[in-house]
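There is one chain below, alone, in structure tokens, taken in the form predicted on its own.
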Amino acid sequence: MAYQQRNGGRPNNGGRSGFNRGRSGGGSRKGPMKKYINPSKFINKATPKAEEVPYEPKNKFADFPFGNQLHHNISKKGYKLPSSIQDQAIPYIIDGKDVIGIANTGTGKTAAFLLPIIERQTGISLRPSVLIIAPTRELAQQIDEEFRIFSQGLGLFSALIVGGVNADRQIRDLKRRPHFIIGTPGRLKDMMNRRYLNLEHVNTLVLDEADRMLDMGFLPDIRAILSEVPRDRQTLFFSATITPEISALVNTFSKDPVTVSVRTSETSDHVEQDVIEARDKTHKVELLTDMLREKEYDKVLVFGETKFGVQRLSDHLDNCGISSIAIHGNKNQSQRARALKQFKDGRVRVMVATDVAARGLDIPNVSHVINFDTPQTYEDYVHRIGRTGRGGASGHAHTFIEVRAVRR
């Protein structure tokens, strides 16, 4: 623990950074109590990645029974061979079957459900006919962007219904009777309650990252939304894991689903993981600031627990000359999109984020993940550190823990 040893003798500065004044969390937290995680689980010597055997698809994109315009859009995007989830799920979705897709993030599952749905919806007059629910604004926005690319020239259009943006524009979009509704549970339920969203013609329902939506407490909203969707529909669940709660949801809202599982081992085994001991929050900030001044911390994702705490930490780093941006639920959609683009493009080296805001984001080349605050669960920890060490690159994860007083 180099940082703990090097800085361990530094005296407490009485709150010079302002991080130990008031409540340590920087705001109240809703949701379940944080589960204790033994610090030993945050330590792991990275194992070299085994040579992965490339997946050999049974189909080419050209083999799928899509129309000429959709094939043109797929080709324009540069797609030739489908990924494993695309290769295995698309034929079932084309056949109209309910599907449970179990796949890691970044495996191409968005195209796996969008392409066959777009093909099946062409020419349908009753609308909206497709409802896609995602846990976060960013993921919903990414799905909407892919939909717009694949649906060019097909006369289909969508409405993006998420929080953090002006509801008036979304109401106008809904009044145009779009074919696809893509949104987050809270705003969808709000629009439904205000009678701007009518789901009586929906024939296809997609729940993307269903496990995460349940983790985030969206189950009551999802049940309320699904109760308004016709029972005679196609239902697609995509999830990284199948928990008992997911199984119960699937059993309630789908019929004879086909399971397509292409999940691979967790990337956490291949990420160098260690803990950093700190006496208190002020000491944590000092250690973090020192670390981020070193060149090896090239593109760093820092996780904090609360919206207020994340913003305050990002501001502090920026004031110390470390280019930083924050992403959390108090920022509106355009602010979050702008922050994400700055980090992806390398205009800032550090992004400080809450779990909710960072869920579903595909950020390449993250050199380090730092858990400034420990996560709610070990599953959240695995998800956080999975943002580094992708695509065969080396990855590093650090987790701050409190120095335990020695009992005499």
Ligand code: AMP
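Remember, predicted model here, so these are calculated numbers, not experimental data. Numbering starts at 1 and runs along the sequence shown.
Just so it is clear, the following notes concern the form predicted in complex with the ligand, a form of the same protein that is not shown.
Handout entry: Non-hydrogen atom contact Gly321 with the ligand in the predicted bound form at 4.5 angstroms
Key = No - in the predicted bound form, heavy atoms of Gly321 and the ligand never come within 4.5 Å of each other.
Exercise for the section: Answer with yes or no whether Lys109 is in contact with the ligand in the predicted bound form, where contact means some heavy atom within 4.5 Å. Expected result: Taking the distances in the predicted bound form, the answer for Lys109 is yes, it comes within 4.5 Å of the ligand.
Handout entry: 4.5 Å heavy atom contact, Phe61 and the ligand in the predicted bound form
Key = Yes, Phe61 lies within 4.5 Å of the ligand in the predicted bound form.
Problem - Partner contact for Tyr196 in the predicted bound form: the ligand, 4.5 angstroms, heavy atom - result: Close contact is absent here: in the predicted bound form, Tyr196 is far from the ligand, nothing within 4.5 Å, heavy atoms only.
Practice task
Quick one: find which of 306-314, 230-238, 71-79, 247-255 has residues within 4.5 Å of the ligand in the predicted bound form by heavy atom distance.
Solution key: Result for this chain: 71-79.
Problem - 4.5 Å heavy atom contact with the ligand in the predicted bound form for all of Glu286, Thr289 and Thr399 - result: No.
Exercise for the section: Consider the chain as shown here, without its partner, and state which of Thr282, Thr243, Gln333, Thr105 has a heavy atom within 4.5 Å of the ligand in the predicted bound form. Expected result: By the 4.5 Å heavy-atom cutoff, the listed residue in contact is Thr105.
Exercise for the section: Consider the chain as shown here, without its partner, and state which of Glu119, Glu146, Asp190, Asp274 has a heavy atom within 4.5 Å of the ligand in the predicted bound form. Expected result: Residue within 4.5 Å of the partner: Glu146.
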